[in-house]
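Here you get one chain, nothing else, as structure tokens; it is the form predicted alone.
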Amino acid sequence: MEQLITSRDNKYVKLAKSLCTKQGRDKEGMFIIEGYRNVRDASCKGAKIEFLLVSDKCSYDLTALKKHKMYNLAPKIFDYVSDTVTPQGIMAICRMEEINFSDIELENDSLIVVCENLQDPGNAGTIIRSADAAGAKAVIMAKGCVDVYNPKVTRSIMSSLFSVKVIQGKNIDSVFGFLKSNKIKSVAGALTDKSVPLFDADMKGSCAVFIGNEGNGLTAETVKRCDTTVTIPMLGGAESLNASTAAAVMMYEFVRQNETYKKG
């Protein structure tokens, strides 16, 4: 590493600080991954890491990360850039990757997760991690969803951002066009007069699971356009499930019906 950086006016510090806002991320085409495990896993999975910022007090063994350019920051400067309450002393500045529908590698029993107007960073990150765990081919964050490169999202996603294809910014019409052209059935999680219990729904073959806004759910128009609408049975006193929990339950019902766990 080079000489210790002690000024907020340093160009690398100013760049990293700008990436804490969506405007800065969009302008630079970069985003931040913070925390030792997240950075290490991102490096192993081929993330396009521009450089690392490391606190002078970082206690982690960075041997595995020596292939990346590193800049050593005074602790107070690292804390200034960090978006966390208790920083681990290491972050990676990564190049964004534009992913489109054509990049999704579909099979006969592909799982796609579609989020509409999802706003909570924690929910977004957890849904993407769950999609990765369930073997989903892609997560589509339709226009109006939280930015997946938001630092709060990248922390909760962990390295799954580099394991499952995440597409964002597409309007819902283009999403349905993609699903229709590839004969992928759509399943909405919503309570309507036509809803069926999740475990009675046909989710065999390629399927897209739709998850809506935390407070308002999916829009009525989107629900109407989906092939099937399902509800998750509530056996206790709870009226509903958190969006990310509901998404995980729906994903794993797809896994169960298609027995994809036997094929991995």
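All residue numbers are counted from 1 along the displayed sequence. These numbers were taken from a predicted model, which means no experiment stands behind them.
Beyond what is shown, the protein has a form predicted together with a further copy of the same chain; the following relates to that form.
For S163, a non-hydrogen atom is located within 4.5 Å of a further copy of the same chain in the predicted bound form, even though that partner is not displayed. In the predicted bound form, a further copy of the same chain sits beyond 4.5 Å of every heavy atom of L106. Not displayed here, a further copy of the same chain is kept clear of G46 by more than 4.5 Å at the level of heavy atoms in the predicted bound form. Heavy atoms of L241 reach within 4.5 Å of a further copy of the same chain in the predicted bound form, making it an interface residue.
Across the proposed site, T126, I232 and G237 without exception bring a heavy atom within 4.5 Å of a further copy of the same chain in the predicted bound form.
Shown without its partner, this chain lists A190, V146, A134, A74 as candidates; in the predicted bound form, only A134 has a non-hydrogen atom within 4.5 angstroms of a further copy of the same chain.
Comment: 192-200 is the region of 192-200, 50-58, 217-225, 24-32 lying near a further copy of the same chain in the predicted bound form, near meaning a non-hydrogen atom within 4.5 Å. Contacts to a further copy of the same chain in the predicted bound form (heavy atom within 4.5 Å) from stretch 238-262: A238, E239, S240, L241, N242, T245, A248, V249, Y252, E253, V255, R256, T260, Y261, K262.
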